[in-house]
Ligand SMILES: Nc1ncnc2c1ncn2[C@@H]1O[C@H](COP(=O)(O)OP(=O)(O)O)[C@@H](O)[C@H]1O
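A lone chain, given as structure tokens: the form predicted alone.
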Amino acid sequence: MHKIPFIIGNFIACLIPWTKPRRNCRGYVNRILFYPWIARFVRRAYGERMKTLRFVRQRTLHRVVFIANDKYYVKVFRNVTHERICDFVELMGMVERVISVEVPHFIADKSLPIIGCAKNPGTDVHAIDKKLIIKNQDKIKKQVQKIIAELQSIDVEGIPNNDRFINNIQGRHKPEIECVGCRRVLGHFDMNPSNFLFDENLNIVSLVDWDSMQIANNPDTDWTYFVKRLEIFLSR
């Protein structure tokens, strides 16, 4: 039943030829269609009555993201089993224990492919003066290297349901080609500067958006991706 709103929301949005009205229409329709499921989830997971629900984005037919009560991110998946959701939440528990910055504490719905997490503290990189980012990029890079090392301290061979993490939860990234002689590690796979949140001294306080997490066949994967995306961000 939860797949029906995905189909209806996209069908209605596709009838509108202009991008912004289409996005607004999709958000409005999805808020109506998904409201009962998310209201039930917020009540079960956080013991709160849902007062506000804001549409954030929809990634084609894979997932829809909302913010409930202005403090909980709620993601609804279309083709992800409840078992895989629970595996993901279990793995995030392992990540929480080794990462020195805050990461989302996910809660899974009891029956549907829905996960939620409270907003993490910190300021998005886009809200910070780019000159400060350029001046402190070496400091930021050192912090990112530390976070990657902490993540890679998790023994991937000891992860329950190891095969599940050959692909990420959404299946958007294909597994890398095996790197001969490389150590298999757990990778965030989306270390875009916008996924790091900072304090006023440009210390990283949170790392968000773990949906792309999977086992990497090359320990340099996250670092290479971060450097590439940082260069793109600074060049704009």
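Note that residue numbering follows the sequence shown and begins at 1. Because the structure is predicted, anything quoted here is derived from the model rather than measured.
Here the subject shifts to the form predicted together with the ligand, a form of this protein not shown in this document.
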At 4.5 angstroms, heavy atoms only, are Y73, P104 and N195 all close to the ligand in the predicted bound form?
yes
is_contact(K51, the ligand) in the predicted bound form, heavy atom dist at most 4.5 Å
no
Does R57 reach the ligand in the predicted bound form, with heavy atoms at most 4.5 Å apart?
yes
May I ask you to state whether A39 is within 4.5 Å of the ligand in the predicted bound form, using heavy atom distances?
no
Consider I204 of the chain shown here, and say whether it contacts the ligand in the predicted bound form, taking contact as heavy atoms within 4.5 Å.
no
Just give me the single entry in D124, E83, E96, D163 that has a non-hydrogen atom within 4.5 angstroms of the ligand in the predicted bound form.
D124
Considering the ligand in the predicted bound form, which of Q152, Q137, Q143, N120 comes within 4.5 Å of it through any heavy atom?
N120
Which among 62 to 70, 179 to 187, 42 to 50, 26 to 34 is in contact with the ligand in the predicted bound form, heavy atoms within 4.5 angstroms?
62 to 70
For the stretch 125 to 161, return the residues whose heavy atoms include at least one within 4.5 Å of the ligand in the predicted bound form, in the order they occur.
none
